[in-house]
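We begin with a single chain expressed as structure tokens, specifically the form predicted alone.
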Amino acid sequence: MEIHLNRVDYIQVGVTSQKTMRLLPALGKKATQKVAIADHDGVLTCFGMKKGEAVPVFKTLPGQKIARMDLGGAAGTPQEKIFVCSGSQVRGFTKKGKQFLTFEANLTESINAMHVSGADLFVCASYIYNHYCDCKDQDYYLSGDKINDITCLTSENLTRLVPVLACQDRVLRVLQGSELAYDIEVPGPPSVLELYNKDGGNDLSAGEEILYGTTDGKIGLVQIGEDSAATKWEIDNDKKKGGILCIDTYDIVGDGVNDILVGRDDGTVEVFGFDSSSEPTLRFEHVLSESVTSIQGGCVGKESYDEVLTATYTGWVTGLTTEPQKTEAGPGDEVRMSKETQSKVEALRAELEQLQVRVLQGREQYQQTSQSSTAVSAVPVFSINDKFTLCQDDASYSLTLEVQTAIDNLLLQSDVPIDLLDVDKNSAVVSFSECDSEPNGNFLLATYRCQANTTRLELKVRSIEGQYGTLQAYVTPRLQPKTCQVRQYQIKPLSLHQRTHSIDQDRPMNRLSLVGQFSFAEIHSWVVFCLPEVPEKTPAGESITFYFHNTFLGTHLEATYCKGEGHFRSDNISTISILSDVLSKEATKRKINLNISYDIDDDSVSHTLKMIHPKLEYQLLLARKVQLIDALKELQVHEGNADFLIPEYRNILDESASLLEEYKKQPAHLERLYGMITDLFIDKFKFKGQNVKTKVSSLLEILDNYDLNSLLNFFNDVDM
């Protein structure tokens, strides 16, 4: 079933955080609803629509940045009380703007997630969960990884309140009081939770239902029971859209079944509906120019017309409404409509003229004050929303930068070798500067010049494992006077590794063991330095085990450590070699003596080479096809057609555009694979106390005439 929705922009507030816009309950069936939205200026704004204009109901004074919002009220009554959290404080407002609650949670960190249910308040800081009932302490839980969101089931089927935490380590944690009841593994780091149908789905058979969205763009539905959970369905992110920031359920189609509304960090708004199958299908998609921080289904602009209401990062409140924008009307109506439109246009023109006058006055005032003897330099402040994440599909890092005003240019600087990859969504013009890596430590200097009104920029980079350092982004917006902000991103020694829940224990494994006078916190800090997706906070307990897989090669790594002892197992010798070098260096910095031992499995080398084989074979074939394209095109022009060519060459001509595009998107891919095989060769013999660097030229000759058996024989038959 097709859905046709039309965009309407309502108002703009300040920069907004995730889940800070809600629709208040309607007073009657199909009546318009009021909108409450909070921003980083600490202002809570509530407005309604009257005669097509946004009319404020109330607006609070500026204050500390508001991180989350929720609606609450006594059980069985309309949930129309507005709760917002700033720092470690929670405030409550009535629908008319009267403040009735100020509650200090006394947390050392700011609250970043909140849920209200009757007299119960659930708040989370980075790793801490607190439950309060009537503002009195009830439960406390310390999470093993960062908490991104929280919701709570209050079903009659479940005999207790069931808080559920969305944690960065790809797990939903289900709590019972102050204890962990059980956890649920999900396919990506969950960023948002929402009760299905706003009340958990009312599934009478067992448990309750919760929707989750992940930072890598996946959506799923889990059914929570007393002792275990079941996954109902999952939607993969096949089209590589942005991460999920917000979810809601609302019947926008009007078929009596609630649809799923999704907002992503690349500006995509989606509506998923249910046909005959139990799994949702995409019914509608619209792309906004900035990330969607909140999404709600309801009736805002006009009575009886449902819409999808969104709030974006820079504070725009936008509706996608079912109301038709072009009305077929009689002659009398046409005159009335044209007068309405005319008066709107005139009002907008008058407002625009006033704004232009104010801008001119502001410029003149700035010029006068800047040239006076008492002038003080003031740097304009602007917010940046940035995200640096590892993409599992192509083993690259995605850097997304979003600014509240238009970006003028962006300078990227790196002190480690990295490749910049093409991004289809990126329309900025990139230019590279020559840099000398020796004296300055510069391996990359690239400038992106943005088109007018570009507020969001997405880049992709690929790093080399074993080479670690810092990537810096200098962001310059279109502001006067000129100003710039610098953001830094760590490229870790094992940067292409990603956390996973388990590994294949049957693979041939190499072991690295460390023993020394170091604390649990010290060795944990070394692991944080080496590997991504490890929580900064030292885990509770006396020991910890983490599992990782290499997104580029598919090799595995197990890290188990405690006070004075650490054990690392991997089927890739190069991973063990990198860990050995970096951990030794970190221990030396702290003047800690390490007793290092190795247990190397020779079978792991041929195992790793066989894992590299399909990638290398594919890249060599791609490179050969690309080399043939120009010659085949010349032959085709000379002969007038390509009918005389064998089918293989005709296919190359037919697919030439896609082959060239793919080859362009993979700079240095073949060289990267050659480098991995070379490192593997050197590392294998390094652990045997042999230096084989003089044999590398022979290895490269084998690779130029690649055959897997010849390569395996070379690795096994090197004569020292």
Partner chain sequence: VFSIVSVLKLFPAALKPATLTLATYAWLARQLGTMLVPIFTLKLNHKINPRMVTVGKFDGVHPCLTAATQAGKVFIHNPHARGQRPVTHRLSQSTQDSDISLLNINQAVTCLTAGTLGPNTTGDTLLVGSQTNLLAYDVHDNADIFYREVTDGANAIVMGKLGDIPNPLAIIGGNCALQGFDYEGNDHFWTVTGDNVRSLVLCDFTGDGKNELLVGSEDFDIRVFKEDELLSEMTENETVTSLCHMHGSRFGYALANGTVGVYDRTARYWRIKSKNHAMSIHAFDLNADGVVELITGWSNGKIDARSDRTGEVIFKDNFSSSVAGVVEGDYRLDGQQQLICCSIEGEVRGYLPASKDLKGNLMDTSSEQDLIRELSQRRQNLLLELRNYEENAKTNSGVGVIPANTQLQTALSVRPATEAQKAHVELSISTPNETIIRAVLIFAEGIFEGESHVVHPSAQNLSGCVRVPIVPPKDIPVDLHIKAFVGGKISTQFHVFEITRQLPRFSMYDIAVDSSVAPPSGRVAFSINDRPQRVVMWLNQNFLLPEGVDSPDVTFTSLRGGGLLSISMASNGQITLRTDDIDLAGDLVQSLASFLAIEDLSAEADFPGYFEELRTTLTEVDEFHSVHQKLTAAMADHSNYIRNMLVQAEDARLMGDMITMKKRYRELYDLNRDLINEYKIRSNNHNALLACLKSVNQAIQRAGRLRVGKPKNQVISACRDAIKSNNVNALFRVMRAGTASS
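Superpose the two forms; the largest set of C-alphas matching within 1.5 Å is the rigid core. Residue numbers count along the first chain shown, from 1. What you are looking at is a predicted structure, and each value in this text was computed from that prediction instead of being measured.
A second form of this protein, the form predicted together with its partner chain, is not displayed here; the remarks below concern that form.
Colleague: Can any non-hydrogen atom of residue 9 be found within 4.5 angstroms of its partner chain in the model of the complex?
Modeller: Residue-level check for residue 9: yes, a contact with its partner chain.
Colleague: Using 4.5 Å between non-hydrogen atoms, is residue 148 touching its partner chain in the model of the complex?
Modeller: Looking in the model of the complex, residue contacts with its partner chain do not include residue 148, since no heavy atom lies within 4.5 Å.
Colleague: Residue 104 near its partner chain in the model of the complex, any heavy atom under 4.5 Å?
Modeller: Contact check for residue 104: no, nothing within 4.5 Å of its partner chain in the model of the complex.
Colleague: Is there a heavy atom of residue 432 lying 4.5 Å or less from a heavy atom of its partner chain in the model of the complex?
Modeller: Yes - in the model of the complex, heavy atoms of residue 432 and its partner chain come within 4.5 Å of each other.
Colleague: Quick check for you: of 568-576, 527-535, 446-454, 552-560, which stretch puts a non-hydrogen atom within 4.5 Å of its partner chain in the model of the complex?
Modeller: It is the stretch 446-454.
Colleague: If you check 647, 324, 541, 481 against its partner chain in the model of the complex, which one has a heavy atom within 4.5 Å?
Modeller: Result of the distance check: 481.
Colleague: Within 4.5 Å, heavy atoms only, which of 521, 75, 352, 621 is in contact with its partner chain in the model of the complex?
Modeller: Selected option: 352.
Colleague: Can all three of 404, 409 and 637 be found with a heavy atom no more than 4.5 Å from its partner chain in the model of the complex?
Modeller: Answer is yes for this spot.
Colleague: With both forms fitted on the core, give yes or no for whether the Cα of residue 655 moves by 2 angstroms or more between the shown form and the other one.
Modeller: Yes, shifts by 2 Å or more.
Colleague: For residue 179, is the C-alpha shift between the shown form and the other one 2 Å or more after core superposition?
Modeller: Stays below the 2 Å threshold, so no.
Colleague: With both forms fitted on the core, check whether the Cα of residue 630 differs by 2 Å or more between the shown form and the other one.
Modeller: Yes.
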